[in-house]
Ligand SMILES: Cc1ncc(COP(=O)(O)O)c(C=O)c1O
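Given next, in structure tokens, is a single chain: the form predicted on its own.
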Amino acid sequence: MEPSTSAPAVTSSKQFLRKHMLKLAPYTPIEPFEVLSTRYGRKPEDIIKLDANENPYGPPPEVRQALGTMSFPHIYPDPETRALRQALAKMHNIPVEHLLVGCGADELIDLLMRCVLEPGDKIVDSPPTFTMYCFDADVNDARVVTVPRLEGFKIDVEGIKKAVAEHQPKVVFLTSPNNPDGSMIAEADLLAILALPVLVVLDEAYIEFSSEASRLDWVARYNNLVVLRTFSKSAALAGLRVGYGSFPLEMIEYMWRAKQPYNVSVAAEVAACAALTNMEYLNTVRDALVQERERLFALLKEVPFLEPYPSHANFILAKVTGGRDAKAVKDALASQHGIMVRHYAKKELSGYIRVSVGKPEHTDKLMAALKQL
């Protein structure tokens, strides 16, 4: 049968997309070793990756062993991730009913927005901070009310209060330690925001590297608080994508209904459970990274064109000064030395670079490279 020569019924597949998606800006992810190796003509092992806050020490040895001996990789995973949730409940001394596990905390941020936000609803964002909040808001056709941080990246509590009163947002996103500067939110500031008629999402992706305790157990006391955590950083499982959160009981019932049934793979749950069996290793690695963070901070302060900020996370933000261009510094480190650091296109961070804390030898090579620029 000859194909029809009449005009096609559909001229563009874009007509099927939701209108707001046509204006969606793409997220800019960090690229893996394989791509970087090809781009810069270096072996993967010769690239020093300090651009994504990954843990250079890798997970405990129990993780690789457990992944190599998985009993049922051919069977769908437990939709309730019961083994991992029970282990987390015991570790944090909180009721298991509050816990939900996701394919990274990123999935939980998106799931939360899909459950909470109607098209046109608003969130409060306090840049510079983790850009996934704005990205997921855009995907879900929500509006972003921006309350910029004060000098020193301190959260603007009064500004948030005014934004809540004026715009009536549904959600305020907070990050502690904050990414990209590593600052903590003061308890008094958190309590002041919790007193507002909004849902407060506290992202604690880097809390292990600070000296402060998690607020996971606060969720039982505050019906408007969600706390998110991840295995990507301290447990070095970024590639396996495991995050979790503590949610109010009245909310989590509906989160369970909306999440993908098999959102956490067998491998991810097995790896996370195995990681939790060796807390001594996790604590040793954390201590090593904290110690190296302090050494890196002191060394960066000696670089004439950098002004680093104190950090409670596993990275350091540094302002590029002396007439230097931050992106040029980032590009030179990558092309000339195979050292990857983060630079942002966002206007409030255009003059900054962020350096993840690596091993001591990574710091040494970075400092040698900076001296040559």
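When you see a residue number, it is the position in the sequence shown, counting from 1. The term rigid core refers to the most C-alpha atoms you can superpose between the two forms while keeping them within 1.5 Å. Note that the structure is predicted; figures quoted are calculated from it, not measured.
Omitted from view is the form predicted in complex with this ligand, to which the following refers.
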Answer range among 140 to 148, 161 to 169, 240 to 248, 299 to 307 for contact with this ligand, defined in the model of the complex as heavy atoms within 4.5 Å: 240 to 248
Complete contact of D106, F130 and Y133 with this ligand in the model of the complex (any heavy atom, 4.5 Å): yes
Contact label in the model of the complex: T175 to this ligand, heavy atom within 4.5 Å: yes
In the model of the complex, T230 touching this ligand (heavy atom, 4.5 Å): yes
In the model of the complex, L100 touching this ligand (heavy atom, 4.5 Å): no
4.5 angstroms heavy atom contact with this ligand in the model of the complex for N179: yes
Sole residue of L112, L216, A235, A205 within 4.5 Å of this ligand in the model of the complex, by heavy atom: A205
Large Cα shift (2 Å or above) at A328 between this form and the one not shown, core-fitted: no
Threshold 2 Å Cα movement between this form and the one not shown for M70, core superposed: no
Core-superposed C-alpha of A52 shifting 2 Å or more between this form and the one not shown: no
